[in-house]
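One chain follows as structure tokens, the form predicted on its own.
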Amino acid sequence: MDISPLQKVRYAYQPKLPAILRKDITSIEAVYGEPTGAATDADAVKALFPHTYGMSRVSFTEGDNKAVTAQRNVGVILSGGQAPGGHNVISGLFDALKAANPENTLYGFKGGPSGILQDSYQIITDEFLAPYRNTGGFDIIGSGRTKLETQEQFEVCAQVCKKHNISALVIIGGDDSNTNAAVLAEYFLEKQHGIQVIGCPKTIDGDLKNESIEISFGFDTATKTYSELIGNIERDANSAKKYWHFIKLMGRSASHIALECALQTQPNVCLVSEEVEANKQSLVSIVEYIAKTVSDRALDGNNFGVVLIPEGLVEFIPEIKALIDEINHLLAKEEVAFNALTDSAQRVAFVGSRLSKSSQTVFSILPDEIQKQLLMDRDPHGNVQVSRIETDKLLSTMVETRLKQMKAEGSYTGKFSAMTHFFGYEGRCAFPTNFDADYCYSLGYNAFCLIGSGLSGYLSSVTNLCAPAEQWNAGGIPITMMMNMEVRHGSKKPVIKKALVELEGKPFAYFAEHRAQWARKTCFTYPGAVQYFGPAEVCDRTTVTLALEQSK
């Protein structure tokens, strides 16, 4: 198979490790800190995880761990959506496993968690792994969204592991996947199956984080990829001087991606869902804010600009959230009658006539296409598929309507022409940045060190990430310390709490301090393409978010 010159060079790249993980693996020893506890709902979480609650944080230091050389078979699963660097987590895991004992075997379960349930696997060898090192994607073994959440599934996992003499599983995933890893670890300990479970923090959305998980892998690459595209559009906008670009970015539950891209590119407008919710902003007020920005720039002769919109914005606008909840409930109740209608106009009329008065008002101001999108096929839980709602088109259309009103009133004299974009899949499987290549490799190598220390129910943790890689700290945290109780499917369940944008945090504070200037003036910055070769300050830098968070 022909490969590109860059691909060939990236295969040969040797990721950097923290200094402690560069040592002989038999001299990497676990040091235990203070016991941990859940941040909220501690009693409920403790009751559900009696074997794994309250475990200590772990760090690695130089010492003696001859037990790491015992022969082991390890399984690995990629779970959930793709994120750049997943292949390097597996590469780091494989290299540590072989450094400990060349007879060790790594089983890659295919297609996500369903692979272990179906006993579908690939033995990962050095030859098999070579074409995937330092590359994007999850195509080495595939991924999936099957949840491991029932005791029957757990027991199938145990029996498949025992069949292959697998004594440890590494689950590479986001908050839901690592919640499942914690539950699986608890089950294996309760049943004395002797199978360890270690998680690795993955999600480009950036909402799996705390003081010990400074960033989830893939976020760095995805935001740099999106920021390059946004910068290109900004340059084009500043050249043509005739379009307003509305850009929707991935990030349903949190606005970390949109905020990071704004910090990198300095657009005229960036909406942050968490702020919209905190201020109880209405859809009309958001449209008014954007329209005023357009009008103010027009006064300076600038009939162009860029607006960034987080994917999940509509769920944070109070009246839209209420509308979506009402539609979900209505369609669950009237499913048969609704599905009998085949014409979209009839469906819109059917729903509109059955909504409460307040929701009817909101529904009626939405553009026709958005009304139809709210009524599209539901997700497996019967809910609106928010990611399919074209929020970029919703806002651009409503802003255009508002500007026409302002022009009729004599308060706006500019020209407005909108272009819409959605950047999502472009960033999920991009070639990892040097940072993600190094970080992911370290997470995988570190995961095996946790296994070699006899631990289970832990999340691989690498910190001090703004420093050069050799100064990174390696260790692990109990997954239970990240848990809280949330209502899922009508009952309270333990889940890893999503980390939202902190409105009191340094990244948002910096953005809030500068956005008025960015709104009126053309302050665009152009990050350019991801760089792999050259000065460390260009090639190995991490995100602006992390740099601000760790600034003194």
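Residues carry their position along the shown sequence, with the first being 1. Remember, it's a predicted structure, so these values are computed and weren't measured experimentally.
This next part talks about the form predicted in complex with another copy of the chain, which is not shown.
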**Asked** Check Arg22, Gly33 and Phe128: does every one of them have a heavy atom within 4.5 Å of another copy of the chain in the model of the complex?
**Response** no
**Request:** Only one of Phe338, Tyr187, Tyr412, Phe431 comes within 4.5 Å of another copy of the chain in the model of the complex by heavy atoms, so just point that one out.
**Result:** Phe431
**Prompt:** Of Gln151, Ser417, Gln360, Asn101, which one comes within 4.5 Å of another copy of the chain in the model of the complex, counting heavy atoms only?
**Reply:** Ser417
**Item:** Exercise: Glu334 in contact with another copy of the chain in the model of the complex, heavy atom 4.5 Å
**Value:** no
**Request:** May I ask you to state whether Phe508 is within 4.5 Å of another copy of the chain in the model of the complex, using heavy atom distances?
**Result:** no
**Prompt:** Quick one: does Thr61 come within 4.5 Å of another copy of the chain in the model of the complex, counting heavy atoms only?
**Reply:** no
**Prompt:** Is there any non-hydrogen atom of Gly136 lying within 4.5 Å of another copy of the chain in the model of the complex?
**Reply:** yes
**Message:** Looking at heavy atoms inside 4.5 Å, which stretch does another copy of the chain contact in the model of the complex, given the options 165-173, 366-374, 323-331, 68-76?
**Reply:** 366-374
**Asked** Who in 6-36 is close to another copy of the chain in the model of the complex, meaning a heavy atom within 4.5 Å?
**Response** Leu6, Gln7, Val9
